[in-house]
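Below you'll find only one chain, the form predicted alone, shown as structure tokens.
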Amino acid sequence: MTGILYGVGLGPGDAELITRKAARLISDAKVIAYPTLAGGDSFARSIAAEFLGNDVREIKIDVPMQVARGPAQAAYDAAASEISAILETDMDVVVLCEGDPFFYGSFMYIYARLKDRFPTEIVPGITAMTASAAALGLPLAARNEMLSVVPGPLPDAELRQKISAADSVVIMKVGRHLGRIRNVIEGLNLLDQAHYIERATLPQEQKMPLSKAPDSAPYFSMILITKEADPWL
């Protein structure tokens, strides 16, 4: 007998968007794990804070903010080792993940290391992409339209190709790439159809046309492009 590994999606930040199932699992958890960035606070933990028990054991997955993949892989290796030792004692572990565990979610790296050894269950969460579309009042796709999700760090030529090929586009991981991405979008004559949003669903949420966006963007920011006006009508 072993414990169950739960990957629990928390949604984009507003704790009221946590699903009932996720809230129940977090409230009942004896052991939780969550990512932190370079020794800082954990956004995932802050979303779930009101559901945590007083005696819950906490495992921090300290992920370095580096382009090189080696340090992050080492952090996930260490976390997987600590989590597996607990699962082997027949205790469940709930891993918290911003957004959805399988949509650019940090949980997938723990899952890949442990899925063949322990029973697992994934609890999906609302993605920042859909939360941002709701906040902006921009339906992402209608009828037979094609939606593309594009990582902002891609090279300019690849960005141009992927943006051009889709009817609607969500650009994630904007951050320090904002100015470069905006130049690419302007070069495609799509600046008027592009919208910027940061920290969706949080009190600090900011949304505006991309043309008015600041030059520096936080990590939790994205750009949405809809090429047709009111395509759902």
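Numbers for residues come from their place in the sequence shown, where the first is 1. Because the structure is a prediction, the values reported are computed rather than measured.
Just so it is clear, the following notes concern the form predicted in complex with another copy of the chain, a form of the same protein that is not shown.
- Think of it this way: in the model of the complex, another copy of the chain has a heavy atom of just one of Arg199, Lys173, Arg45, His195 within 4.5 Å, and the residue is Lys173.
- Within 4.5 Å of any heavy atom of another copy of the chain in the model of the complex lies no heavy atom of Phe118.
- Proximity of Ala79 to another copy of the chain in the model of the complex: non-hydrogen atoms within 4.5 Å are absent; the residue sits far from the partner.
- Shown alone here, Glu58 lies farther than 4.5 Å from another copy of the chain in the model of the complex, counting heavy atoms only.
- Although the partner is absent from this view, Ser211 stays clear of another copy of the chain in the model of the complex, with no non-hydrogen atom inside 4.5 angstroms.
- Residues of 125-149 placing a heavy atom within 4.5 Å of another copy of the chain in the model of the complex, in sequence order: Gly125, Ile126, Thr127, Met129, Thr130, Ala131, Ala133, Ala134, Gly137, Leu138, Pro139, Leu140, Ala141, Ala142, Arg143, Asn144, Glu145, Met146, Leu147, Ser148, Val149.
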